[in-house]
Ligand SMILES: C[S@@+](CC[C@H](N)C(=O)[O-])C[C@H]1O[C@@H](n2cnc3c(N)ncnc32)[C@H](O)[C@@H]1O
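There is one chain below, alone, in structure tokens, taken in the form predicted on its own.
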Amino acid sequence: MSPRDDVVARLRAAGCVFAEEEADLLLEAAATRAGGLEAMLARRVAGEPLEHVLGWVDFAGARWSVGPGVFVPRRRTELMVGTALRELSEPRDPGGSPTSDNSRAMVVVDLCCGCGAVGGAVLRGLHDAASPAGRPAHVRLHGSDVDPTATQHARRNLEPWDARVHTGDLFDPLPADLRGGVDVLLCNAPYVPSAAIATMPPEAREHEPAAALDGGTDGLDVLRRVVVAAPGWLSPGGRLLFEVSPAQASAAVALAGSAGLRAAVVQDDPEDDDPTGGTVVVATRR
């Protein structure tokens, strides 16, 4: 049996659905870590998330640093990145007309940023795209998270992009001069109802911080705080984007409306009833 076949067999025996793909990634990582394959394989077989073992997550076309105790961005959250990039491609004022001031810096805030992959992917997308007329010459990105372990990874991921990362509760650590000037406010807040935590895969509930998963009784506790405060931070026509489950979308839209924001729901496939599909609410300051 080849070394790869042995790794695949051990992963498959541990219940890893994508054993072949995982084996290739572990072997790739072990090539640069002396004596590391056995240790990494043991961690994975014991149930630790593959991303924690590798030290990175593949998200929106790039690898982002993660590690033990840090929330792993889900593939469905790439919908938020794509939606943000579409929203940013044509900045609008509250009345729906294109803005006239295209020279000022565009301000993006990644709230509940975790490892910073969501905000980083948006910033990367803006830099990688062509520069059509009307796009602001510069983007300022700020990330904020209450978990210092997460923000250590966020700094590693975002500071090469000249972004600033802050540790603290929601808006509290953000610079005061951002008030009223945020063009896009990204928020991948926890939205799993407390009672549903026990039904999550062991990789999540045993290895990711509860504060990054548990959204309270109906899953919207943290988002209520975000939505209430958001209008004071958004620029005129600025947009708040946050992820929810499909079942929470109607309540989230009503929540945004009660804060004076105009809300719409974006889904990966409106005809798809898959409860794991991406669902993003875009709430615009009037």
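No experiment lies behind these values; they were computed from the predicted model shown. Residue positions are given as counts along the sequence shown, with the first one as 1.
The protein also exists as the form predicted in complex with the ligand; that form is not presented, and the subsequent description refers to it.
The closest non-hydrogen atom of residue 63 lies beyond 4.5 Å of the ligand in the predicted complex. Shown alone here, residue 33 lies farther than 4.5 Å from the ligand in the predicted complex, counting heavy atoms only. In the predicted complex, the ligand sits within 4.5 Å of a heavy atom belonging to residue 73.
Of the heavy atoms in residue 118, some are within 4.5 Å of the ligand in the predicted complex. Segments offered: 194 to 202, 155 to 163, 168 to 176, 120 to 128. Contacting the ligand in the predicted complex at heavy atom distances within 4.5 Å is 168 to 176. When you look in the predicted complex, the only residue of 139, 85, 79, 189 with a non-hydrogen atom within 4.5 Å of the ligand is 189. The putative spot formed by 224, 255 and 282 is not touched by the ligand in the predicted complex; no residue has a non-hydrogen atom within 4.5 angstroms of it.
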